[in-house]
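Shown next as structure tokens: one chain only, the form predicted on its own.
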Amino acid sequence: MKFTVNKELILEALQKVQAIVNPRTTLPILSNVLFQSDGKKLTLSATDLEVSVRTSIDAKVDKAGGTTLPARRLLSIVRELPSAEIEVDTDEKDIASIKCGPSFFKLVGISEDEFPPPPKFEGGKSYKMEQGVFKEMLQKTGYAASTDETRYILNGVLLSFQGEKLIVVATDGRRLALVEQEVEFPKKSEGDLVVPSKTVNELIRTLGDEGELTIQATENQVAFEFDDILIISKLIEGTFPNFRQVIPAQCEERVTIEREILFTALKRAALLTNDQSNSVKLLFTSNKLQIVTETPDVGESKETIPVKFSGKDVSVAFNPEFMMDPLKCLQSDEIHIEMTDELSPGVIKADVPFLYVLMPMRMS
């Protein structure tokens, strides 16, 4: 295989695919990027057997073929090369000669025959939507997925295509984030997909703000295709819990707060928490919110901010990091907190179809 490619193009392509490469894998081939070239295009692929990413770029191909090269090392080399055309020539032993201006490298690769073949999609369900819309939905929910491997079904994000809507949900049992969007798809494509968090993070990283996204799903695989990228992932098997059961039917009190003011106040309050005492108290009184941190052997803080509230006084404690997570992702100037008492879950809402349920912490 021999090709010549623009440095910026191949650098961007390597950055798109190498994020899923695990450098500590016991299979050396999984540390490599697969290169395949035809007459006009150069295709780069990477996989960890759970998630596969493929992208294509323009290249001058003098000799078609394929090989695999170490992802991280190649990325480091390309990043340091001068901004010019890069020529790559591989021999029958998969040793690549890399030339760029005055620079020359030889890099030992592995045969493309050892690279795991991508899964094939035949039939299945298909959906189309805007990249930017889907990316925003994942950003507003993905952080709430569980990292506890004993609750495997929660280690991902639910995509529920039901009743002309896409509902995206993530939960770790202590909090739940939900967002919904009207999407057109045939009735026969209704169903639920649980996408692993690693895939969700890869989508957030690579999806654009404009352009169309195509989602194809079979019983245990899902593919996301957009621009010049294809991401294929295994689905998490099992039944996602009934998330509607944890959403309070109604809350007695509702508070309106400026999102940015609340976020920065919580950020300051969290400075005095630690692993043993990771909570802040929220004391709601008439048009005021006092945020209090009291951590033994560390210190304490108090801050009062204005709110729109005329109900009964309420005290409740929350994990400040969990409370800040949705505030980072929302663009609304104001958010609404609904609650009943110190033992009941709080609900954060905004002026978009978004909902965040947060379990309270024990107040000391």
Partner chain sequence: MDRVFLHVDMDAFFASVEQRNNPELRGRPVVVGAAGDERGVVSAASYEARKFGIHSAMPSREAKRRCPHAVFVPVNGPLYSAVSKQILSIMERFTPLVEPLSIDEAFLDVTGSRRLYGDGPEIAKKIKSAIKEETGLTASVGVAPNKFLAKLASDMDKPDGLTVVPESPAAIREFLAPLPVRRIWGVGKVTGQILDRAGIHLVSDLQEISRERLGSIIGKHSAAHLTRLALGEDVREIELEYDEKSMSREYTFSEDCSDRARVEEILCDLVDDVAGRLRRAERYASVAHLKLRWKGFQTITRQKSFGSPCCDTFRFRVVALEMLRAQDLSKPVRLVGFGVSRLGDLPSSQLDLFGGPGLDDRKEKLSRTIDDIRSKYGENSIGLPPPSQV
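Numbering follows the first chain given and starts at 1. Predicted model only: the values in this text are computed from it and were never measured.
Beyond what is shown, the protein has a form predicted in complex with its partner chain; the following relates to that form.
Comment: its partner chain is not present in this chain, but in the predicted complex one of Gly211, Gly173, Pro82, Pro116 has a heavy atom within 4.5 Å of it, namely Gly173. Though its partner chain is absent from this view, in the predicted complex it lies within 4.5 Å of a heavy atom of just one residue from Asn220, Ser76, Thr256, Gln276, which is Gln276. Not displayed here, its partner chain is kept clear of Glu92 by more than 4.5 Å at the level of heavy atoms in the predicted complex. At a distance threshold of 4.5 angstroms between non-hydrogen atoms, Leu9 is out of contact with its partner chain in the predicted complex.
Contact check for Thr239: no non-hydrogen atom falls within 4.5 Å of its partner chain in the predicted complex. Its partner chain is not drawn, but in the predicted complex it has a heavy atom within 4.5 Å of Arg151. Taking the partner from elsewhere, every residue among Thr147, Val246 and Met361 has a non-hydrogen atom within 4.5 angstroms of its partner chain in the predicted complex.
The stretch among 117-125, 84-92, 229-237, 165-173 whose residues place heavy atoms within 4.5 Å of its partner chain in the predicted complex is 165-173. Residues Asn319, Phe322, Leu343 of 311-345 are found to place at least one heavy atom within 4.5 Å of its partner chain in the predicted complex.
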